[in-house]
Each structure stands twice: as C-alpha cells, then as structure tokens.
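Form predicted on its own, single chain, as structure tokens, below.
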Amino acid sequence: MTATEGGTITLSEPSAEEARDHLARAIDRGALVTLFGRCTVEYDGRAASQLGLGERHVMAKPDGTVLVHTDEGQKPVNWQPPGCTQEARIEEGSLELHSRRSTPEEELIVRFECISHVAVFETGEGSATLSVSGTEADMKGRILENPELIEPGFHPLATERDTPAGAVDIYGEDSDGTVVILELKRRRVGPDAVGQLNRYVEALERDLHAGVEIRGILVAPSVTDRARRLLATRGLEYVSLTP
C-alpha cells in the first residue's frame, strides 16, 4: 500500500520492484529515504565485513550518507559518509542499495530479503540549519555582558588567554585587583574539570611575577560531591551558572 501526504511517500510491504522504483527516484531528486526490513549488509573497503540476515532500519540521505541501524544503541552498525554515490538495484529478485566512494575505495551493499516499510521525505533546499543553544560560548557571552553573575566587582579583561597549560576561558580581576580566571562548563562536572582549572592556575602562577595571587573559579550548572571536595582541597571556587 502506498500513501502520499505533504510531499512524504510511504509504502507498506512493497514489492522489491516498487521499493526500487521509489528509492531510485528519491536518490535522483535528492530526497531522504528510510527503509525497514530483513536484510544483509556487506562492506568492502579498508577492511571487509558482513552482517547476516536481520531486521534493520536503513537511511539514505541526499548528501550520500547511508546509515544502517539495529534495534539497539545510538550508533549505526554500518555506515557510509557524505559524498558517496547511491544506486538502487534488483538482483535475483531482491532490492539492493549500493553505496560507493572512490577515496578511499569502498562499497556498502544492503540486500533486502523482505521490506516492511519505505518512506520518502522531500527535505528541500531551504531546510533550516541546526541552531545550538546552551553552549559554553553562550555562558561566556552572559558573563561578559553581566560580570556580576560571577560576583560583585568582577571585571573581565580577556578571553581565551593562553597559558602553558592551555587557554583560559575568561581572565579578569576582582574588586580588590586580584587575578581571577574562569573555567566554563555547560554541564555538571566532576574532578577532571577541577584538575583542568588547577593546571591553569599553576601555569599562570609560574608565568606571572612571583607571589601573585590567582583565584580560580569553576563555572558550571552543578558539580559532583567529589569535585566540590577537590575544589576545597585545592583552594579553588565554584559558581553555579547555566548557559
């Protein structure tokens, strides 16, 4: 059975020929296709691998990407990257999706014994790009616009200041003129983030004149109990802030 709605075509239990025809046309016009059914997967390239017969979800994207998923995990069990050439074929009565690229030379073949579902989506050239919010850059922007989110009198002087241990997210001074460095994290963090901040503090202590006091502040939505204890042990501080 075939259904069409809003530019989307869906086929339930199609024949190999019906699935091949829709898949081939979708590839030609740059549509996104998903297929679900019993299939085998063969890969030949930098290595060689085979997946035996099983129920799998296959996605063919307009940019040449092919993803093969099982019912477990978030990553595909086989895939081909953007830029590959896709072709739909019928071989010995079965639908095959071939994906090839030349550099390096490799080929992925998905061969369907039976097909439960096919869906074709017209994505269009005007599809919106992904907008990511809640990043460390967002946190940095908030602090630079309103330094008192850290504490009254905090004055940012530089961002991404280089040290022998890496770049400090924000370098500044407190109301007493003491050097303050901020390490920003967008998620809950543990001891590793504390260790990173401590390395920056120690690097700046060696880099600046002897005896200078440096305050290190970890800025994150939350920290683990271990991280909080380590902050206290190292003489570092914590400010809770979300992106």
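Note that residue numbering follows the sequence shown and begins at 1. Nothing here was measured: the structure is a model prediction, and the numbers come from that model.
As for the form predicted together with the DNA, it is not shown, yet the points below apply to it.
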Legend entry - Option from 52 to 60, 24 to 32, 195 to 203, 213 to 221 whose residues, in the predicted bound form, bring a heavy atom within 4.5 Å of the DNA: 195 to 203
Inset, instruction - May I ask you to choose, among 79, 121, 154, 171, the residue with a heavy atom within 4.5 Å of the DNA in the predicted bound form? - result: 79
Legend entry - Non-hydrogen atom contact residue 46 with the DNA in the predicted bound form at 4.5 angstroms: yes
Inset, instruction - Classify residue 150 as contacting or not contacting the DNA in the predicted bound form by the rule of any non-hydrogen atom within 4.5 angstroms, answering yes or no. - result: no
Inset, instruction - Decide whether residue 38 counts as a contact residue for the DNA in the predicted bound form under a heavy atom distance cut-off of 4.5 Å. - result: no
Inset, instruction - Check whether residue 166 has any heavy atom within 4.5 Å of a heavy atom of the DNA in the predicted bound form, and answer yes or no. - result: yes
